[in-house]
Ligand SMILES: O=C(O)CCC(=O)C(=O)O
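Presented below, as structure tokens, is a lone chain in the form predicted alone.
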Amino acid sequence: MTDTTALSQTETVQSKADVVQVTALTGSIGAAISGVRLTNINDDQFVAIRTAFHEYCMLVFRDQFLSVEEHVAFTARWGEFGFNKMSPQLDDYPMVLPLSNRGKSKAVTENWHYDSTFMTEPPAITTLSARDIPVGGDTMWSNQYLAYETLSPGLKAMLAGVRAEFTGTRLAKLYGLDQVPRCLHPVVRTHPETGRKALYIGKPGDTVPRFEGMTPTESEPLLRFLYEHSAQPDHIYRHQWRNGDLVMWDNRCTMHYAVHDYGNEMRELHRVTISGDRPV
């Protein structure tokens, strides 16, 4: 987003006989896409959607009600599927991760995070299809381009070239794994398609315990500042889910937070990711 004033407008993209309507959801992140059915979009419509995706960082498609096959087919247009071997996948669809209510005590996504940062090559894109939604269970996204761009020049200079350790501690504990996966990534990454810089961080402690070459104690104050800075209210969109929603986001420039306020109610979504490259 090169100009946040543009986000207050509704854009209509005409492609031959088809119209894609793009409506900004906030002044900083997110757009709703209407005028299309994801089961039969043409190439021109897909180009318009891709353009909006890079501009707004995350997209909402209401009332799609995709089958598993249709969800997989739409996501496949964006690249090769990503696979997280730490989590159980859907039978017959190894690229689909079913997300259900494990209870608040076992919720591993109730914090600001990027997906699977413990991997050498974290996923680039995530799509989430809502199948059975309770009251509550909102998800929030935060624009990490803006998180980086609103740092002071001095802090930007200090963070240049700095790497942090990212771990899969929460998932390892959830699934009873003996070894915790971990990987070093830069805390400022450059998006491979847009060329923009984004703050790349996570929850201090169990997700990001330290900076490279530093102890957790030494790292904690700055990690905590960056984590709190990454989720400023004016950089956030909060989504109220409805059955049939398809939401997708760029895992290279947004963090998200899944709110667990729905007790023991049924909640089922399907997640599919597109593989990414190593952050630089």
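Note that residue numbering begins at 1 and tracks the sequence as displayed. If you're wondering where the values come from, they're calculated on a predicted model, not measured in any experiment.
Separately, the form predicted in complex with the ligand exists; it is not shown, and the next lines address it.
With the partner omitted from this view, the residue of F53, F211, F46, W241 that lies near the ligand in the predicted bound form is W241 [heavy atom within 4.5 Å].
Shown without its partner, this chain lists N101, T109, Q89, T194 as candidates; in the predicted bound form, only T109 has a non-hydrogen atom within 4.5 angstroms of the ligand.
In short, of 251 to 259, 66 to 74, 25 to 33, 213 to 221 it is 251 to 259 that has heavy atoms within 4.5 Å of the ligand in the predicted bound form.
For H113, a non-hydrogen atom is located within 4.5 Å of the ligand in the predicted bound form, even though that partner is not displayed.
In the predicted bound form, none of the heavy atoms of A164 sits within 4.5 Å of a heavy atom of the ligand.
Contact check for T169: every heavy atom lies farther than 4.5 Å from the ligand in the predicted bound form.
Heavy atoms of L128 reach within 4.5 Å of the ligand in the predicted bound form, making it an interface residue.
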